[in-house]
Ligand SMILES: Nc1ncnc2c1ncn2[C@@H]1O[C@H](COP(=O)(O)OP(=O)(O)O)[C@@H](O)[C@H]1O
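What follows is one chain in structure tokens, specifically the form predicted on its own.
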Amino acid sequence: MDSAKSIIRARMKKSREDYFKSLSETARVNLNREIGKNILSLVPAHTCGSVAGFWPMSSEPDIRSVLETLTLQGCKALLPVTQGAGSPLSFRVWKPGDQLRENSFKTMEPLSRSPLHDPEVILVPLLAFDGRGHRLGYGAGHYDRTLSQLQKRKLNVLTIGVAFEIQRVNELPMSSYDQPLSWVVTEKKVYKFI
């Protein structure tokens, strides 16, 4: 199972990077704008409490403008903080202009002085997704552990995968600990799995 996932992970990472490199800056901005519109159609700013997003790495979709919009309209925007290998994520409040630090995974996270907060919605990065709402991440298991922990605490969290349409595959191999997504948003479509 792990070797099958590793093969797909490597292929999808290269595919997304090649796709991203092939786009002009204008095309990238337009794709991110369409993804943002689709996210905001699911998470209207006037009804949300707290939304966890992510700071984009490499060729990931850039959803920072979505977080800024939600913050300006009264939502709490959160960013994930890694606690180390094998641990779930925690989430800290983020506002535009807040200082961030680079973590060991080469993404940005809030400083420890930012308050911790539980999310109501989590925007989840991924390498691939399928038609059943299964997601393939980077292999560290942070999001699966996080979602499992939040479920054990009886927190009802909506999970929205964020991807480019080219990241959709027919079927992904799944392990018993893998957590399915509620929705996936791309630049072309909103996929519902709940």
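Numbering starts at 1 and runs along the sequence shown. Model, not experiment: these values are computed from the prediction.
Not pictured, yet referred to below: the form predicted together with this ligand.
With the partner omitted from this view, the residue of 68, 165, 34, 144 that lies near this ligand in the predicted complex is 144 [heavy atom within 4.5 Å]. Remark: residue 155 does not count among the residues lining this ligand in the predicted complex, judged by a heavy atom distance of 4.5 Å or less.
This ligand is not drawn, but in the predicted complex it has no heavy atom within 4.5 Å of residue 13. Although the partner is absent here, residue 63 is not a contact residue: none of its heavy atoms lies within 4.5 angstroms of this ligand in the predicted complex. When contacts are judged by a 4.5 Å heavy atom cut-off, residue 140 counts as touching this ligand in the predicted complex. Stretch-level contact analysis of 128-136, 54-62, 36-44, 157-165 against this ligand in the predicted complex, using heavy atoms and a 4.5 Å limit, identifies 128-136.
Annotation for 156-194: interface residues with this ligand in the predicted complex are 177, 178 [heavy atom within 4.5 Å].
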